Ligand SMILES: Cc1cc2nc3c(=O)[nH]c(=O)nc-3n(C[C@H](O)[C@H](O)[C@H](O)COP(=O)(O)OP(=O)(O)OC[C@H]3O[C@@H](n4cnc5c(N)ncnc54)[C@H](O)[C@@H]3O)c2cc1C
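For reference, the chain that follows is the form predicted on its own, supplied as structure tokens.
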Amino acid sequence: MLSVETFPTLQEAAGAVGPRAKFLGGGTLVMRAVSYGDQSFEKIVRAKTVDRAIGSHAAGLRVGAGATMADVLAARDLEFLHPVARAIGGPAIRNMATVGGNLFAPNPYGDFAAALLALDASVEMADGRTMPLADLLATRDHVTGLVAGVVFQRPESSAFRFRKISRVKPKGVPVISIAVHLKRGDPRVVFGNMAPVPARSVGAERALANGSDGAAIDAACAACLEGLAPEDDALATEWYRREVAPIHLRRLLEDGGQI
């Protein structure tokens, strides 16, 4: 029998989450699992108050984990992330899907997590801990506690780019997603659906470290698969993803973020 427990705060709810208990944020993933009869959990945990605030932070910007994709689209401070939020489902999904929930979304979802990884975001946990988003993604199947918010620096104008490659426009599930932050001397290139979790392309980053001219883009595309491990699924084969990833990375680097 599936039970539901509601707590006044996120901190209290965090103590009730465990291997057999799922936290209910926006519900786009948990409620779908319930509808499909997922037997891996027996309890749903909720919090009466969730942090949806978006604003300035000592590290740059902070977004509460409870902020929805619609909240992101309504925030002027996050204009550079609007293309990412707009690419996630339709209006109904964007009104429910949360930033915190997207960090745990399995393939082929997790576009927003890929974008935040490209921005070198850090995660604030409900118990006060802070960790790099990369560390959370690497251990998210075993992480303890709940995410309270994410913090990251605002990218320079046009330095951040995003591309979603899907077979159905505009709401299709991505075959691949790519987020790029062309930060001087320290670029970030992140692929979604090219590994079990959103992953950095170390080869592409190395090639772009000294600029993004034609030669650097050629080198980045040639090396972009280094360290990635795509898999076959219902959307595409591992072979197909490897073939098209360099093509779409080139288009993103040369033309900007076109979804």
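Please read all numbers here as calculations on a predicted model, not as lab measurements. The first residue of the shown sequence is 1; numbering continues from there.
Beyond what is shown, the protein has a form predicted together with the ligand; the following relates to that form.
The putative spot formed by 72, 134 and 152 is not touched by the ligand in the predicted complex; no residue has a non-hydrogen atom within 4.5 angstroms of it. Partner contact region in the predicted complex: 27 to 35, out of 224 to 232, 210 to 218, 197 to 205, 27 to 35, criterion any non-hydrogen atom within 4.5 Å of the ligand. Not displayed here, the ligand is approached by residue 97 to within 4.5 Å at the level of heavy atoms in the predicted complex. Among heavy atoms of residue 160, none comes within 4.5 Å of the ligand in the predicted complex. Residue 80 falls outside the set of residues with a heavy atom inside 4.5 Å of the ligand in the predicted complex. The ligand in the predicted complex comes within 4.5 Å of a heavy atom belonging to residue 146.
Taking the ligand as positioned in the predicted complex, the residues of 84 to 111 that bring a heavy atom within 4.5 Å of it are, in sequence order, 87, 88, 89, 93, 96, 97, 98, 100, 101, 102, 104, 105, 109, 110, 111.
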